[in-house]
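For reference, the chain that follows is the form predicted on its own, supplied as structure tokens.
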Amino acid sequence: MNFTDCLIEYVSWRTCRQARRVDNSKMKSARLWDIFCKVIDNYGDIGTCWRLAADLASRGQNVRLWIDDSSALAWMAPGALQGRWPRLEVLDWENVWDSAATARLAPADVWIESFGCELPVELLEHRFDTTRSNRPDPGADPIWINLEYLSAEGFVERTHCLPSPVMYGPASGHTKFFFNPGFSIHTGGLLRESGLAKRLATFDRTSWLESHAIGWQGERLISLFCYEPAALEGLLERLQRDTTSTQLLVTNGRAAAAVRRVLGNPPADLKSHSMGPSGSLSVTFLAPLSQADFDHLLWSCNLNFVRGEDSLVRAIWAEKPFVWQIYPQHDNAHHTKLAAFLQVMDAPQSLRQFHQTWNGIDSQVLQQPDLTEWTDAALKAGARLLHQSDLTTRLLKFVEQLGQAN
């Protein structure tokens, strides 16, 4: 390791160590947060940003969520677009370009730049350009956090909390800080709202299924939230041949479209479909679910297929076996990312092999899911992660430490 690498390691270690030493009793009671989100993937980025915004607001923080496409919030977080969530406001990303509108807003204490979305130059000019007469107080420049994607790879610990100086543009001379979600105490952790364990412990599966008109007669329940895996047809065929009756609960959107294609594109208004000998597999197409009800879906099922980032974390907290379809990257970098996650999960070989096939890394025939072995792995990994502090707690402490240093 050269001198530069050693210096980066030291700065990262020292910054994160100081952040963990912040006394909760001395933390500032409330700050104003701007969270910026560009919707690229279906629901993963907006899902994560909304959960973070709602969690911060529930802890007494004031939050503005700037987003370029808020349409999914209409069903994901009912009431969000009407301003019915306390301390939380949804704003149109396009308004960032309107300097007059921006000038009327109170300057935020914290900026969260999510998943590498670049902030508009107009916003940077308004906040940092010293020649502007309406520039906010220079002594109140925002704490600027670059919230990264979730990964279990080694670089996450090495770069977590590192400063990233801005070298050009209106914000030149200012500093962002990396904040990396992850699976160890040396990262930003995972999103987990207060009271989640209590909600899960008191959940009534039967009542929830009935409230969503899901007819359940005690058969195995499997949820499907996926992109368009090549192995999907093989999964449906295996479930048809299985001696255990299964009801497959298919989420709205890309997963439903993919399943309908496998079924030969049945009428769009078809809500359920039976397959296999004596209807051994029944497929139920679900309406869009709020985030709370998506959690309830995962809690109700014996096996969950999830995709992207937000649903992966929720599957971990559900204490049920799950299979993850990672977002594919053109250079196959997701192969390494998936392997690192399975290592952190201490996944048994059968689960690793199933993930390889489900994610198109190999062309093997899907094997029979080993729910006993997979359940044991999920419970052990979830228990380990539950003993760690959550992402919002770590983020609040880190921001407080940076605020005290300024």
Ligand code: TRH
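Start at 1 and count along the sequence shown; that's the residue number. As the structure is a computational prediction, the values presented were derived from the model and not from experiment.
Separately, the form predicted together with the named molecule exists; it is not shown, and the next lines address it.
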- Note on the structure: Of Y43, W33, F36, W358, the only residue with a heavy atom within 4.5 Å of the named molecule in the model of the complex is Y43
- Looking at N304, N180, T251, Q247, which has any heavy atom no more than 4.5 Å from the named molecule in the model of the complex? T251
- Message: For the interface check, one of 207-215, 180-188, 221-229, 153-161 should have non-hydrogen atoms within 4.5 Å of the named molecule in the model of the complex; which one?
- Response: 221-229
- Message: Against the named molecule in the model of the complex, would T102 count as a contact residue? Criterion: heavy atoms within 4.5 Å.
- Response: no
- Are any of the heavy atoms in R64 no more than 4.5 Å from a heavy atom of the named molecule in the model of the complex? no
- Item | Heavy atom of P321 within 4.5 Å of the named molecule in the model of the complex | no
- Item | M76 within 4.5 Å of the named molecule in the model of the complex, heavy atoms | yes
- Can you tell me which residues in 291-310 come within 4.5 angstroms of the named molecule in the model of the complex, by heavy atoms? Q291, F294, R307, G308, E309, D310
